[in-house]
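One chain comes next, on its own, written as structure tokens: the form predicted on its own.
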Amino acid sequence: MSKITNVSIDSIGSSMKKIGLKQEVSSIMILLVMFTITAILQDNFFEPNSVVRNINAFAPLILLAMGQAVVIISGGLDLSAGAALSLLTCVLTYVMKQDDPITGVYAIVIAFAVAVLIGVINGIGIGYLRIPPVILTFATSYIWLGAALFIRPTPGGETVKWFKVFYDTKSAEGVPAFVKAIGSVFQPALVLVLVGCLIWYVISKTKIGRYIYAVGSSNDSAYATGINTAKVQMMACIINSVFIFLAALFFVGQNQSGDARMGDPMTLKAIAAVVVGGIALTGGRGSVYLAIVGALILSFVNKIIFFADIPNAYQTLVSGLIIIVAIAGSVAYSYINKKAVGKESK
């Protein structure tokens, strides 16, 4: 029976290889299925207003998932991403004063500096002090949460009128006409995602981008070849913080307020999106762009559950089951592909 099973697995693996089916293709196929089901269930799915709402709903998770993907590929994990997002929204709304437009610029600069500091602290702990990423970021999540609660004990704060440009350029005041013209074609949320993609594209073409994969594949081997692994891990954490910063700009532009707890549910969702996108938690493999695919899959899952009129009591259960199926599909592919490759090497 085992021989028959092995032959079947080998034949499936060979067939996959012949048609060029990779793990990325598997994730994209799942995304297409989710997209189709959502389009069928939602009558106005392709209407402009509905498209805009979907982009706004999907963008924050996409940005956080992309940042999380960088850390995971480098061999780490960030459990503090949601708390860091909350802290940055509190910093932005603390610095800004509604009647003083220039404070919006100050807020962006200061929040960006705080984001980089967050990345540096996580990076030092993971890279230089060799603290396991899960333990380190779990601890720092409480530091970021405590700082956010100190700044903003209750949701609120002020924003300058033009800050809505990060959410809706039409309703933003004091914004140049050409910015509104661009915003009418490209939603601010989409622009932020494209900026994130551009950032990673540039980084991926540098030594740091290649080193991130090398360190994630094998920290010891990378170190033996002369790579400063601690520096690379810190850079991965800083890049992650930049993506979190972009998500914070969107949230504050949308809500016009800060909240110390608003990022709480986002951390695990971002990690799940990375896994569903086909990026290995073991590090060193996968594409940051696949995190976008994973985030879209999870977002469409939530929409399918909503439009299918599934009772609230079962929504979390059904969502979890769908995520497990998506992850199991990726794991099954990896197993079959590994068996096929092993067979060929013999």
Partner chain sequence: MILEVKGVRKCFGGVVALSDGNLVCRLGKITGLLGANGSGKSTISKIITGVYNADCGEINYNGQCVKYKNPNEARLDGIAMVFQNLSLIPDLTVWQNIVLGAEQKKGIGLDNKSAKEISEKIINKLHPGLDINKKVNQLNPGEMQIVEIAKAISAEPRLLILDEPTAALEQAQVKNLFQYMRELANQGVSMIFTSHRMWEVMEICDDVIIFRNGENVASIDFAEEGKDADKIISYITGDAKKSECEIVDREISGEAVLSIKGMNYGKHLRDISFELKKGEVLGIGGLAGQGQNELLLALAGAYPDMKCEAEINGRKIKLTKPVNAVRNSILLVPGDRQLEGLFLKDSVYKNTIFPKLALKRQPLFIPSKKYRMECENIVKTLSIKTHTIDTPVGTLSGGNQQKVVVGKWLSFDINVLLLADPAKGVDIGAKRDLYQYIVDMVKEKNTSVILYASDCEELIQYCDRVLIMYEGQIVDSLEGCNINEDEIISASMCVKRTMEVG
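Residue numbers count along the first chain shown, from 1. Every value quoted in this text rests on a predicted model; they were computed, and no experiment measured them.
Keep in mind that the form predicted in complex with the partner chain is missing from the display, and what follows is about it.
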Would the partner chain in the predicted bound form be within 4.5 angstroms of a non-hydrogen atom of every residue among Thr36, Phe45 and Arg53?
-> no
In the predicted bound form, the residue from Cys197, Ala113, Val120, Ala224 that sits within 4.5 Å of the partner chain by heavy atoms = Ala224
Only hit among Gln98, Ser184, Thr154, Ser218 for heavy atom within 4.5 Å of the partner chain in the predicted bound form is Ser218
Ala214 near the partner chain in the predicted bound form, any heavy atom under 4.5 Å?
-> yes
Is Lys303 a contact residue for the partner chain in the predicted bound form, using a 4.5 Å heavy atom cut-off?
-> no
Lys180: heavy atom within 4.5 Å of the partner chain in the predicted bound form?
-> no
Wondering, does Gly283 line up within 4.5 Å of the partner chain in the predicted bound form on heavy atoms?
-> yes
Given that the partner is absent here, state which listed stretch (284 to 292, 59 to 67, 26 to 34, 303 to 311) has heavy atoms within 4.5 Å of the partner chain in the predicted bound form.
-> 284 to 292
Across 182 to 206, which residues bring a heavy atom to within 4.5 Å of the partner chain in the predicted bound form?
-> Val202, Lys205, Thr206
